[in-house]
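Presented as structure tokens, the chain that follows is alone, the form predicted on its own.
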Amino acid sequence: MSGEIAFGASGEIESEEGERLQKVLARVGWGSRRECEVLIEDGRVKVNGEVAVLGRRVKTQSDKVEVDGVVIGVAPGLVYYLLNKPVDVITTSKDTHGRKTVVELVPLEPRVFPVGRLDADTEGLLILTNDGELGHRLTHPSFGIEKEYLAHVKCGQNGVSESALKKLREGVELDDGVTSPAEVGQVQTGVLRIVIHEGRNRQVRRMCDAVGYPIERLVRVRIGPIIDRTLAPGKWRHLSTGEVVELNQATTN
């Protein structure tokens, strides 16, 4: 009978519905089955807010699983790609004008979506996934995930003025309101390192325009804890289990 209670080999109560928790954890990269059993035995795993016991079964499509207080994706088939987006590629799943899109640069199956946006003329790191829950948390303003950019701006031989840098750091008046304070430094003449945690449309470009230094080239070099200085433009790779864990940690309130 579906849903009846049974006892596992070591005496733990378990439901006959769903997959064994240690098998699920092993499948999503938390170690061998035995290592995942140890995680459970040590009380580090919760299911739907309750500390799990060995032998617990989970419904991967609906149950909420946490390891060390961090929610993790356990549905079968979840993938996480890191792409170094080149210029003139559109951050969307489809384009009515026939332009190349970011989803064409990664495997077509399973279908994924880009997390957030980069303008066509902006380069750099972009995450694509089919994990809707993590994607939502990475883009929702309440989590304040940092995005770091290198902005090459049009300026004279003296670089960007201190007064302009101060405005960028404290907040710039745009047509949709004042920006939140940003981390801004001039790493070399005319090249700014800018860290923001908002996600307004073309925000970094508009900020620099507003202080009189238009951007000539813009590259995103970090998303939260994710950095990769070796990934070539147009190339992608899978995020490691550790990187996915770090993203989940960064979006756990």
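In this text, residue numbers run from 1 along the sequence as written. Remember, it's a predicted structure, so these values are computed and weren't measured experimentally.
This protein has a second form, the form predicted in complex with uracil (URA), left out of what is shown; the following refers to that one.
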{"item": "One stretch from 198-206, 57-65, 183-191, 43-51 that, in the model of the complex, holds residues within 4.5 Å of uracil (URA) by heavy atom", "value": "198-206"}
{"item": "Contacting member of 170, 176, 119, 104, with respect to uracil (URA) in the model of the complex [4.5 Å, heavy atom]", "value": "119"}
{"item": "In the model of the complex, residue 218 touching uracil (URA) (heavy atom, 4.5 Å)", "value": "yes"}
{"item": "Contact label in the model of the complex: residue 149 to uracil (URA), heavy atom within 4.5 Å", "value": "yes"}
